[in-house]
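Presented below, as structure tokens, is a lone chain in the form predicted alone.
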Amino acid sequence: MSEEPGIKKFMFVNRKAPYGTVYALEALEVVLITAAFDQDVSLAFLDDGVFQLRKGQQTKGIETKNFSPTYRALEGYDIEKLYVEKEALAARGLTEDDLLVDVTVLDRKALGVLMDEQDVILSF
């Protein structure tokens, strides 16, 4: 748990593909708002959520704005803790090289331990 008064550890768990629902975009907006209030913010990408970070997303065919470049701007908001579940990457045929930002890849067990250390977990 956080030791600084007023600062909480927030982890946002992203489980959905980037397009087809509002979950991924809404999660990103909430992450930015939380960081604006100087909280300790981290993101975890599990299941189809790993596709949110995939390079080369093309959204013209579905007539939706490609918001994936926003992930590259997170560092400017002091959001540098991005975690990806190793098993989710492997199950989808992806590697760390397929992702547009630097992440820490953790196995399911290690990610669970990290989640236990959070004050607040929000799942999208």
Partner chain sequence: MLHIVNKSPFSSQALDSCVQVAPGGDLLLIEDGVYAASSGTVADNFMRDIMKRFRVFALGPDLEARGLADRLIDGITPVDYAGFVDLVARNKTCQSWL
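Numbering follows the first chain given and starts at 1. A quick note: this is a predicted structure, and the numbers were derived from the prediction, not measured.
If you look for the form predicted together with its partner chain, you will not find it shown, but the lines that follow are about it.
Here the marked residues 19, 22 and 98 all miss its partner chain in the predicted complex; none has a heavy atom within 4.5 angstroms. A residue is said to contact a partner when one of its heavy atoms sits within 4.5 Å of a partner heavy atom; residue 40 fails this definition for its partner chain in the predicted complex, lying far away. Its partner chain in the predicted complex is approached by residue 13, whose closest heavy atom lies within 4.5 angstroms of it.
In the predicted complex, its partner chain sits within 4.5 Å of a heavy atom of residue 121. Within 4.5 Å of any heavy atom of its partner chain in the predicted complex lies no heavy atom of residue 89.
Contacts between stretch 87 to 123 and its partner chain, counted in the predicted complex as any heavy atom lying within 4.5 Å, involve 92, 108, 109, 111, 112, 115, 116, 117, 118, 119, 120, 121, 123, listed in sequence order.
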